[in-house]
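First, one chain by itself in structure tokens, the form predicted on its own.
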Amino acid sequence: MHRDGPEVFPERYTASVEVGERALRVGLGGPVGSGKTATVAALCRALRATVSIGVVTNDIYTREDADFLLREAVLPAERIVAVETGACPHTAIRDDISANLEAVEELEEAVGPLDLVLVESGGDNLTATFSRGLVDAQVFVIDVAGGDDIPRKGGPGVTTADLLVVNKIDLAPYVGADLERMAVDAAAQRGALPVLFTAVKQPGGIDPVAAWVGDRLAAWRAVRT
């Protein structure tokens, strides 16, 4: 790892929120254009037949991500809620989570009981992380078109998320991305934490991510019973 000095990152994210009679909350963060909304949409399609799902999206001044999900009809409209943060996305998912927490709780009250709530951050940089008071697990999405040096650069999103998704691997030959180098760098930054290389818009591309979410959900249910 190439670092000029000691860095202090948030502790690695594990499901530590007190388990109650509520849904598992999974946060999805990552840079603009990495494919967060596409990942949320694909997860909804893959899991909705067997899992009761709700979604909370974050945008600074618009409802663009929520509107995309509504147009794609990935879930009934009442299961998709938009939060307009009005400020840096970090604030609403990490520093002052009140608007998101209220949205999640109101969603569960309105259409629950739910098994799973996906909370999508607005597009941000490699330092974006979720408060453990808001989500139980974090997925961080990057893409090969953003540069194959992203895993090497690290940052809390890359190094501490429960799952790192390297998206759009189908574009690697066209953007000159070295997937093997990315895998080595990601392992160096993350240790034993999992990394999935995929293209969520391609047939079957969401399957490994959905399987990971399914495993987390099974563990959550086991604790609740």
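Just so we're clear, the structure is a prediction, and the values are computed from it rather than from any experiment. Each residue number is its position in the shown sequence, starting from 1.
Note that the form predicted in complex with a small molecule isn't included here; everything after this is about it.
*Asks:* Consider the chain as shown here, without its partner, and state which of Leu70, Ala46, Val195, Ala199 has a heavy atom within 4.5 Å of the small molecule in the model of the complex.
*Replies:* The residue from Leu70, Ala46, Val195, Ala199 that makes the contact is Ala199.
*Asks:* Report whether the minimum heavy atom distance between Leu171 and the small molecule in the model of the complex is within 4.5 Å.
*Replies:* Leu171 belongs to the contact set for the small molecule.
*Asks:* Wondering, does Val184 line up within 4.5 Å of the small molecule in the model of the complex on heavy atoms?
*Replies:* The answer is no: Val184 has no heavy atom within 4.5 Å of the small molecule.
*Asks:* Might Gly176 be said to contact the small molecule in the model of the complex, defining contact as any heavy atom within 4.5 Å?
*Replies:* Taking the distances in the model of the complex, the answer for Gly176 is no, it never comes within 4.5 Å of the small molecule.
*Asks:* Evaluate Thr159 for contact with the small molecule in the model of the complex, applying a 4.5 angstroms cut-off between non-hydrogen atoms, and reply yes or no.
*Replies:* Although the small molecule is absent here, Thr159 would stay clear of it in the model of the complex, with no heavy atoms inside 4.5 Å.
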